[in-house]
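Quick heads-up: it's one chain on its own, the form predicted alone, in structure tokens.
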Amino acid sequence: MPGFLRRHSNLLIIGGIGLVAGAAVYRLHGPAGIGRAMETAAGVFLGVLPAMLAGLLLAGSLKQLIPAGALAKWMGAESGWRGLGVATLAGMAMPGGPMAAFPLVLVLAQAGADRGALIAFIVAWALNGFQRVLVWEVPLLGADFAILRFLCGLPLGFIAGALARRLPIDWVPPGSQAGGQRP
């Protein structure tokens, strides 16, 4: 039972919050309110489904193309600052939203990237993604501000990745060989 709770704790927490919210909607708005909430939930699900399927297809395809351990030299624990740099550049170049980025992070982890490189990737993707800078920041805020913000955020991927390598937190990627041996 503890293994089940560890693997599915997020589902249980979100499910519990959903049940409490559903009970509140039922109490305040009755069965019609529950129906409207379910329609809204179905609309959100159907809107997110294509991106989720594409991201999972990308992750599954990359997992078949990149053998386990192949990235250890470039983004593994022994790669040093070079690994953080490669991960930061890859994160900045990664287009798309979380439905593409997070499955890719899992594939990178299973291919040998260490947690520092994964953190550098995610931070760089979130803060300095080229797509966001060019599509949103430059047109809306102007080139000068976008460049200033980009330069200020540039070292944060390296810093976060280096910090992640030093923190004493054990993490095993889901689906990895070691992940199946957890108690």
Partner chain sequence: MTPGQILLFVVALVAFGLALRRGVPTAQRALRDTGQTIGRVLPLLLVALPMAAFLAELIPPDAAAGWLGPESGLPGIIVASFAGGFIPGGPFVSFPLVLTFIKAGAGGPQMVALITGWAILGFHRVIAWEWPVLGGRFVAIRLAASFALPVLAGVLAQWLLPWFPHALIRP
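None of these values were measured; they are calculated from a predicted model. Residue numbers count along the first chain shown, from 1.
Below: the form predicted in complex with the partner chain, not depicted.
- Query: Is it the case that 3, 70 and 89 all touch the partner chain in the model of the complex, with a non-hydrogen atom of each within 4.5 angstroms?
  - Reply: No: none of 3, 70 and 89 comes within 4.5 Å of the partner chain in the model of the complex.
- Message: Please tell me whether any heavy atom belonging to residue 130 falls inside 4.5 Å of a heavy atom of the partner chain, as the geometry stands in the model of the complex.
- Response: Taking the distances in the model of the complex, the answer for residue 130 is no, it never comes within 4.5 Å of the partner chain.
- Query: With the partner left out of view, is residue 103 within 4.5 angstroms of the partner chain in the model of the complex by any non-hydrogen atom?
  - Reply: Yes, residue 103 sits close enough to the partner chain in the model of the complex that at least one of its heavy atoms falls within 4.5 Å.
- Message: Since only the chain is shown here, I'm wondering whether residue 98 would be in contact with the partner chain in the model of the complex (any heavy atom pair within 4.5 Å).
- Response: Residue-level check for residue 98: yes, a contact with the partner chain.
- Task: Just give me the residues of 30 to 52, first to last, that have a heavy atom within 4.5 Å of the partner chain in the model of the complex.
- Result: Heavy-atom contacts to the partner chain in the model of the complex: 33, 34, 36, 37, 38, 40, 41, 44, 45, 47, 48, 49, 50, 51, 52.
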